[in-house]
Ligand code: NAP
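Take a look at this single chain in structure tokens; it is the form predicted on its own.
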């Protein structure tokens, strides 16, 4: 089945949207790419980067004639977007999204869905701590999973066409129930971000002299927490507001396990600590074996050149 579309409309053009635009163009997956965003400066940045063919502040204008529409905005904006674009959606089109939660998306999008439009929620499990149109790159999805959460009665031909689109950009595709997706992502993505934001926030509350030392002597552990905590604050605000039940469920489990770890440290229980660290180390190795991370030293970061030494006699 062909993975290409006549017109692709991207509503929102941050990291994920711009990466889709670049990948779709590289692999000839759309004859025309229309980009809509609510901020004029963001739209002009996308235009300067030559990400699309049509640029507009009117989302309804962008989706006219599109046979694939992907919502790439924060999930908190979906309902208002649907009110705007629903009358302009083309019969026979596929409507999808890239949001990190799915049950909420189904809830707010479905009431506005016109007859003849196939809605297939999606979530590419790919990203970086950077945001905005300039953050995108065509290789972002290569080797990463894209989870689709179609309704039970979705048209299988449309589902396969959208799956082929993501595979053409390099993704592995899997379908699952929306509620199950939200529970899985709560522990694999949402809780890690919450913990990272909290740890970095704790540093921000330290006295100024201590904080400067923490920043100056950041070891790899804290440094990598700051990478996660640098992610788009609006997007993650909406994730936690729209996936509260699953996040609170997994946060409760996390806090119970943390209490066990706290007792082991307090009691000097070396065997318990070593057993936990051994088990979690095996998880890390499994992630590498699954191709979802690199085993390269320093998390694959390129080595930085040593600072140049001043010449003798230099002032």
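What you see is a predicted model, and the numbers here were worked out from it, not measured in a lab. Residue numbers count along the first chain shown, from 1.
The form predicted together with the named molecule is left out here; the points below concern that form.
**Q** Verify the contact flag for residue 128: yes if a non-hydrogen atom of it lies within 4.5 Å of a non-hydrogen atom of the named molecule in the predicted complex, no if not.
**A** Yes, residue 128 lies within 4.5 Å of the named molecule in the predicted complex.
**Q** Report yes if any heavy atom of residue 232 sits within 4.5 Å of a heavy atom of the named molecule in the predicted complex; otherwise report no.
**A** Contact with the named molecule, yes.
**Q** Taking 4.5 angstroms as the cut-off for heavy atoms, does residue 119 touch the named molecule in the predicted complex?
**A** No.
**Q** Is residue 38 part of the interface with the named molecule in the predicted complex - any heavy atom within 4.5 Å?
**A** Residue 38 belongs to the contact set for the named molecule.
**Q** Taking the named molecule in the predicted complex as the reference, which of 89, 147, 73, 169 has a non-hydrogen atom within 4.5 Å?
**A** Spelling it out, the residue with a heavy atom inside the cut-off is 73.
**Q** Which listed residue (132, 143, 192, 111) meets the criterion of a heavy atom within 4.5 Å of the named molecule in the predicted complex?
**A** That would be 132.
**Q** Kindly confirm or deny that 16, 98 and 124 each have some heavy atom within 4.5 angstroms of the named molecule in the predicted complex.
**A** Affirmative, all three are within 4.5 Å.
**Q** Out of the stretches listed (22-30, 272-280, 39-47, 248-256), which one is close to the named molecule in the predicted complex, meaning heavy atoms within 4.5 Å?
**A** Within 4.5 Å of the partner lies stretch 39-47.
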